[in-house]
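Before any questions on how it binds or moves, here is one chain, the form predicted on its own, in structure tokens.
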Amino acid sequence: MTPPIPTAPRFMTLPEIRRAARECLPRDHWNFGDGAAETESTKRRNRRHLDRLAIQQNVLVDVRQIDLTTTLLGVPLAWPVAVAPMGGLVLFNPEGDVEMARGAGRGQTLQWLSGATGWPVEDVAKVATAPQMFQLYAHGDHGWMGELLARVEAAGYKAIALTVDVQQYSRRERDVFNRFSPRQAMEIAPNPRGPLPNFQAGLTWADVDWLMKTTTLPVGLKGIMTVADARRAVDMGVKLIWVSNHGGRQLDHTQSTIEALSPIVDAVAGRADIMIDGGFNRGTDVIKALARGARVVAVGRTMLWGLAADGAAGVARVCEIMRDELKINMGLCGRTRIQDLTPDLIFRAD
């Protein structure tokens, strides 16, 4: 009896997943996910500076076995890519963060749950089959944050990363131009007690100190872009430095994350793990970041398009394709372990 012919995956490449997401999403939802601040210069710079870096081609190396495993904050990971925290996922799939958690599990990928999640942290944790960590926004005072942190710890999340680059909510002109309010689209009711103080605008290093004394979990800071801030953080005992410009969605005309990375790596000098996000959407992008000293790369929009195109299956397929790209291109540059991706592998070629 002839064995059945295996069914080909629905998607074979990452660009077709992006196209499928755009075709199925309402215009305003697409723009909310794809857009950035003001002129979107930071978003373009993230991508441009990745593209100008080249990978050294090394041959005649036995690359039959390639090991992608790594760790983050002591947590074992199958490969060095995480799902970046993203708010408003309900605009891209009815099950939002819960469906993203399912997809991350199927993709054997760490999920960072956004503090702007529309679901209780416990509900997302229940469906998770891969490690989870939590991105914290200071949307309330220390009492409010303390209660949330206790729930996050009890639900089994492995770490906390405080987002520090949203002192003000930026002007995201695609949404402004289209008179689109993500909050109204998600049907989030106004706070019945009236406007709350803008705690994000008042965040200081004293709040970082409070956070580290309040939670038992390792603490990271997301939104570090300067050597001075990185040094101060690790001097305080912060365990994760997250190099991020919010995907270009906050300060326009700032540095790309890949150009900010190397000086921060040198300044941290191994005293903390380093993550990065900002324009990373292919396996070769991951190689460039790891070679420059990042331990894990967080991927946002590409995972988002997988969620929009095909729910958890779409997220898992994004992971599968990116993992294949990473493994193939590591072999082509003559590297068999994540630890072998060193700075000498990358050079500017523009």
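Given the structure is predicted, the values throughout are model-derived calculations rather than measurements. The numbering used is simple: start at 1 and walk along the sequence shown.
We do not show the form predicted together with a small molecule, though everything after this point is about it.
For the three residues R282, R323 and K327, a heavy atom within 4.5 Å of the small molecule turns up in the predicted complex in no case. Of the candidate stretches 203-211, 133-141, 102-110, 230-238, only 133-141 has residues whose heavy atoms lie within 4.5 Å of the small molecule in the predicted complex. When the small molecule is considered in the predicted complex, G118 lies well away from it, no heavy atom lying within 4.5 Å. Under a 4.5 angstroms non-hydrogen atom cutoff, the small molecule in the predicted complex lacks N93 among its neighbouring residues. A residue is said to contact a partner when one of its heavy atoms sits within 4.5 Å of a partner heavy atom; T215 fails this definition for the small molecule in the predicted complex, lying far away. Of the heavy atoms in P80, none are within 4.5 Å of the small molecule in the predicted complex. The partner is absent here, but in the predicted complex a heavy atom of L304, alone among L304, V286, V318, A294, sits within 4.5 Å of the small molecule.
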